[in-house]
Each structure stands twice: as structure tokens, then as C-alpha cells.
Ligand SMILES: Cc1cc2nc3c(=O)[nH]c(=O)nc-3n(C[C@H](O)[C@H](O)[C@H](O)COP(=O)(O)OP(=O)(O)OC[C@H]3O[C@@H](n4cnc5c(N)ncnc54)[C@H](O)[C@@H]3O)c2cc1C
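First, one chain by itself: the form predicted on its own, in C-alpha cells.
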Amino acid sequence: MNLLAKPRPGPASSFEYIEGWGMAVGQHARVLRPRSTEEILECFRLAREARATLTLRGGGNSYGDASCTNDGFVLDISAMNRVLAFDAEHGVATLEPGVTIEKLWKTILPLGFWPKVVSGTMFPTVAGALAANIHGKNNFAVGTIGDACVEFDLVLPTGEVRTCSRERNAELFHAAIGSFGMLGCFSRIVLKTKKVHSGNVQVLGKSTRNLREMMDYFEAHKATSDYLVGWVDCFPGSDASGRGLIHDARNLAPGEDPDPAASLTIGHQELPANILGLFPKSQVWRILRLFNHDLGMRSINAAKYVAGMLEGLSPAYLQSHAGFSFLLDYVPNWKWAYGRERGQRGLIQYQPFVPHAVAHDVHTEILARCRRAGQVPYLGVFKRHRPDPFWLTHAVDGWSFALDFKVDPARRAELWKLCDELTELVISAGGRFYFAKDLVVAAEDTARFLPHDRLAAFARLKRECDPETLLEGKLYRRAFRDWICA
């Protein structure tokens, strides 16, 4: 043995507690952090040698179990985080998979560009975003992040690296986007961004008395708005069911911003460090925790609705892209208001996507059933969607309703039973689900709402790209394995 030989390079490794962002699921696991395509392949080898499964993870922002393991290893892609190139002529970014949405927008905004699709937080990686096929407040207009993807390199457990686009390896392109790392690991991603002429958007608040009024506003303005999102107070029933506040935003046209050089700076986009200029926002979750019960949240929602009515009487205002897009980042660690005990508290998000023709009745019935069960969501977010071509897509020509439920250990079984009943309602109406937010949908449900031909084709690709089923996490086992192995 040559004692002077350099040690074999390999991915960084540690033993950590890995949990879903909502804190309702998690466990300890060995975490591998590759820094290159070669080290991704080394992660595959290490897992194979240990006879362990491998779960892919980006920023860990999926609410449920999408990046959690079943007693296997976790491949965390966050160390591969370089912006490889940006073509300012065409607005095309070439990225390593661990680049965050934050790093992307901070790189391109001073050049007059913004990501075509972002989530409500800036901390996901682009690999995680593409694996989940995220959508934003402009889904009705531009589609998902998959629609903005030009091509990617995918490292397969077989050792092969495939470049995929709409013209090359097209099947794998449409299957891997939205597949949550079940086929391979992204090692390079090319995204199309959009030109912007200001660091601000113009925002108009519109208060609505119920869900029907909210939907009617969306339909009347979706052709002229760049972004539409609705906050919903889930507590009231009767004619006020689904009351809320819409934020309708548009990008500024050339010449509308008198000083675009100033608004396109990173400094203009930074979120405030204090609430009302006084209280450190990093501590706000402690106050929210005092209200984290039905009476407290009913009061907060009612106050927000009244504030929304006042906002609806005011004229449109300017807000930075980051300020408008990343509302979830205003209060760091706000999820801690739901409790921090591992696997015992936290929250889950239930997000059904329902076709337009039946969406009003189905979403109204969902709210009614939640109230009858005494499990009212503390937050509701309403969005309009359009279909996309990706194989495991959640998208429909219709509406989604993201509902945040507190997980009370004493009532956890009741909450899961309610979600099972709601899932039956949604699937019977032709609806679908978004696995980045999900923790309750079972394999038999997946097999009912996704087209059978797409499922069969995906199972074939899974066997081709991952013949040993090396890539298997909690989501795969819960919602996919039964029909893939059938």
C-alpha cells in the first residue's frame, strides 16, 4: 500500500436528521453532497455497495416526504451551485443543479431578467424545482418551470449521462420533469428567463366576498394580468365561504419605471429585516405561535380580511419582484409557529387541482367538510392553472387550492381520514395532486388520477433508467411503487 497516495476523492458525507419542510415527517440518514457529475456517480456506487436506497434532495423545501428517505442514503445536490453561463441576448441560464432560485434571480436581475417561474420562497434549488415541476402565481399565463426548461443532463443509476430536451431524448425529458428524482439526478439545467424593464411590478389588491367572486375576477383578468393569486379565509361558511383577497400584478412596460437602474439592483429587492420597522422578523414566529389554535387563527384571518378590504379601496402600488414573489420569506421559520417537535407537530399542505367546470363546487365542498370535521385550514391560497405536457403533472385547466393544516398529535389520524375523504371527492371530479406539497395521497389514488398510458410508460422508463430501483424514497414507496412494480 502506498501510504503517500492521495485519498480517493468523493462526496462530502454526514449523518443528519432529514425532514420534510412541514416537519410532520423525517428521520436520521447518511447525507452525501456531491460536487460534480463524477461524485454523483460515486454516490450511486456507495449506496449500491451498502445495499441502501438513495433519495435525492435539493433545498428541502417540499412540505411532505418528497425528499425524505426510507432508511437509505440521501443525495443532497446543494453543493453543486455554480451559475455556469448566462446568455443575456436570449435570456438563457445554464446552471448546476444546486443553484437556488435566490442565486438565479440575484445573478440575472441586474441584467434586466427575472426567472419565468418561481415558487413562493426563493430557497429551493433549480433541480428541486424542476423535479417538482413547480408553478407560480403566473401559471395560467406561462405554465410550469418545466415549460421554461430548454434542456438538462440527467445522471442515471446505470452510470449513463443523458442530455434531454424536447428534441433529444424527448420521452425522458417529459418524464423526468416532475418525477421527484425517481429516474436520475440532474447535473446541468438550462432555463429560459424573461426580460423585465423594472425591478418592480404594479400590484392591485381586490377584496372578494366569496370563492365565486374570486374566480370571476380571475377569469375576467387572466388575459391582461401577469400574476394572479388569492388568499382565502377558510373559517367562514354560508355566503362568505372562500372570502379573501386577490393580488393582481403586472410587469412594467419599457419607460414606465423612471429609474430602472435603481430598481433592478439587488439592494432594492432585499426583504425588510424588521416588521413595521421595529420588531425583528426572525422572532415573529414566536408571536404567531401564541395564536396557533383555532380561535387565534380565526382572529388573524378575520383581521387580514378587514385589512384586505381596505387595501381593495386603495389604488395600485409598486412592489419589488422579490417582495411580491417571495411572501413566504418575509417571516423566517414561520413554520415553527406550528410546533417544532420532530414528527409530532408541524403542518401539512393539501393542494388539490380541480378542472374549471366543477372547481367552484368542489372547492366549496372541501371547505365545508373541513369546517364540519373541525379541521379548518389556517391558510388557503387559490390559483388558476393551465395544462402542461409532463408525464406526472399535477396541472389541469382549472384551479388549485393550497390548504395548510396544523398537525395535532392527538388528532393526526382524524386529519388523515379527512384528507382521504377529500381525495376521493377530488379524484371523482377529475382532479389531481401536487406531490411537492403532499403527504397523504396513496399509490392507488395516483393510479386513478394520472393517465394509465403515462403511468405505464413511466414504469417502463423507471425499469430502464434505474433497473435496481436504487432511487427510492418515502414518496416513491407511498405513492408510486405499487403500480410501478405491478
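What you see is a predicted model; the values in this text were computed from it and never measured. The first residue of the shown sequence is 1; numbering continues from there.
Omitted here: the form predicted together with the named molecule. The next part is about that form.
The named molecule in the model of the complex comes within 4.5 Å of a heavy atom belonging to F186. Using a 4.5 angstroms limit between non-hydrogen atoms, G431 is distant from the named molecule in the model of the complex. Contact between I77 and the named molecule in the model of the complex is found at the 4.5 Å heavy atom cutoff. None of the heavy atoms of F140 is located within 4.5 Å of the named molecule in the model of the complex.
Think of it this way: in the model of the complex, the named molecule has a heavy atom of just one of H247, H321, H174, K383 within 4.5 Å, and the residue is K383. This chain appears without its partner; in the model of the complex, the one residue of V426, A29, C419, L56 with a heavy atom within 4.5 Å of the named molecule is L56. Contact check at 4.5 Å (heavy atoms) against the named molecule in the model of the complex: all three of N61, A127 and F180 pass. Stretch-level contact analysis of 312-320, 327-335, 108-116, 206-214 against the named molecule in the model of the complex, using heavy atoms and a 4.5 Å limit, identifies 327-335. Counting a residue when any of its non-hydrogen atoms is within 4.5 Å of the named molecule in the model of the complex, the hits in 420-438 run Y434, A436, K437.
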